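Here's a solo chain for you in structure tokens, the form predicted on its own.
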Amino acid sequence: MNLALSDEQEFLRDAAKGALARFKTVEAAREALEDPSRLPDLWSTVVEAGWTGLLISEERGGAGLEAFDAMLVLEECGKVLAPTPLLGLLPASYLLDRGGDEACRAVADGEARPTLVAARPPGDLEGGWTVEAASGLARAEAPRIAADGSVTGSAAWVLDAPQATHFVVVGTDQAGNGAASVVEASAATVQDATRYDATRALGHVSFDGAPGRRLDVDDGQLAAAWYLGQALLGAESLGTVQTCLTMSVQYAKERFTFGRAIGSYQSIKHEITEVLRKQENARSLAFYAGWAGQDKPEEFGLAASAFRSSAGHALDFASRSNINVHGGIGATWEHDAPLFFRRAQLNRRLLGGAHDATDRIAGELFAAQAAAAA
């Protein structure tokens, strides 16, 4: 496993950082709490940078890159709370490409804007494909996909649903097996469900026999799309951890009390060091997830779940620590720290939640132990 970025990956990461630097996204995130229209529209930037085609093969008009490359872009987005639609679009484009769908070129060119209606693959806790429920911890049954591709059912908290032109719906066929279908957004009912992080577009989506076209993908590819979403969410969280850490360190050097910088006090030093430790743990798992996604797909589910769980817990701790280090000002609306806390609290609940990823790790490890003992 190579833990160094290639020259191409360095360029991709730097290009993403430069593209996002043209916008005051953190400032816009604060203003959007009062007026969502104040968010910058980054769609043209996403298209111009080629991010829409990152995971689409070159013969279908994309860049033909791997999961880890997409994770590098999402990490930069997380650093600045950028309101990009990539968390929903990239897993959707992955399935479109694997299914050889006709929409791939339009997606890569930015003419279509799909998002994934994600379904959690069966596991040791639940034996079927499930989706997010509108409320409560219990998961809901995934939409039903007929032989002709039509879709019936609903899913809550769908990433980037309000602006999507197409939904790539993961559900079950008549036999209860995993299936996927592409549905135009105009054939679905979308209810805006944006919550306390105003930079994150969410929606409740319902289908009532909506016409669609079946994708020729198997259960393994459907599961990979779910775990790709976990890895991308983890990467975005990791980027936000970095910003929280940078803010805390800078303030700890500048703020003086009793004639000393507060960073010289043991309690502050230990808290910031713990953020760094959690960040580095998550970063090592990011490399594992990237490597598994490309070279050992049978381990991708475990790797992506471990990364998402670790990054989610790191961000939860880092965002709280950022407020603690800044003291009273850190808890006020005038400061940026609460914006990162909002992002942390929403991220840990999306796509099954960080707890679901942790449960998936436990299931994989117990299964491996049982197999070894047999």
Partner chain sequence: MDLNDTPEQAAFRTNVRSWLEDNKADAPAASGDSGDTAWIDSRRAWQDKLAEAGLAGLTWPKEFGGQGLGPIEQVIVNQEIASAHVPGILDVIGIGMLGPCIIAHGTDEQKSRYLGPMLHGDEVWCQLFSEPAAGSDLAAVQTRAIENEDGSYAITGQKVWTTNAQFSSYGLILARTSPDKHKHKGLTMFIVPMEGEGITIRGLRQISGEAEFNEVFFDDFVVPAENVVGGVDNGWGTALTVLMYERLTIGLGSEGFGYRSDRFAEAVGQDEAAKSDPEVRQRLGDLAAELLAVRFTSYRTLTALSKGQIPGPESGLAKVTTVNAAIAAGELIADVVGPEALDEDSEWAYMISFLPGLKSAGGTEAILRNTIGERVLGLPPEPRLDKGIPFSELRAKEKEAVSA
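Here, rigid core means the biggest group of C-alpha atoms that superpose within 1.5 Å across both forms. Just so we're clear, the structure is a prediction, and the values are computed from it rather than from any experiment. Positions refer to the first chain, counted from 1.
Below: the form predicted in complex with its partner chain, not depicted.
Undergrad: Could you check which residue among T194, T165, N281, Q191 gets a heavy atom within 4.5 Å of its partner chain in the model of the complex?
TA: It is N281 that has a heavy atom within 4.5 Å of the partner.
Undergrad: Of these, E274, E141, D218, D173, which has a heavy atom no more than 4.5 Å from its partner chain in the model of the complex?
TA: Contact check passes for E274.
Undergrad: Are any of the heavy atoms in H313 no more than 4.5 Å from a heavy atom of its partner chain in the model of the complex?
TA: Yes, H313 is a contact residue.
Undergrad: Can you tell me whether E102 touches its partner chain? I mean in the model of the complex, with a 4.5 angstroms heavy atom cut-off.
TA: No - in the model of the complex, heavy atoms of E102 and its partner chain never come within 4.5 Å of each other.
Undergrad: In the model of the complex, does A306 come within 4.5 Å of its partner chain, counting heavy atoms only?
TA: A306: yes, in contact with its partner chain in the model of the complex.
Undergrad: Going by a heavy atom distance of 4.5 Å, is D148 a contact of its partner chain in the model of the complex?
TA: Result no; D148 lies far from its partner chain in the model of the complex.
Undergrad: Given the stretches 86-94, 176-184, 120-128, 204-212, which is the single one in contact with its partner chain in the model of the complex, using a heavy atom cutoff of 4.5 Å?
TA: That would be stretch 120-128.
Undergrad: Using a 4.5 Å cut-off on any heavy atom, which residues of 144-163 would contact its partner chain in the model of the complex?
TA: If the 4.5 Å heavy-atom criterion is applied to its partner chain in the model of the complex, 144-163 yields nothing.
Undergrad: Core aligned, does the CA of F366 move at least 2 Å between the shown form and the other one?
TA: Superposed on the core, F366 moves its C-alpha 2 Å or more between the shown form and the other one.
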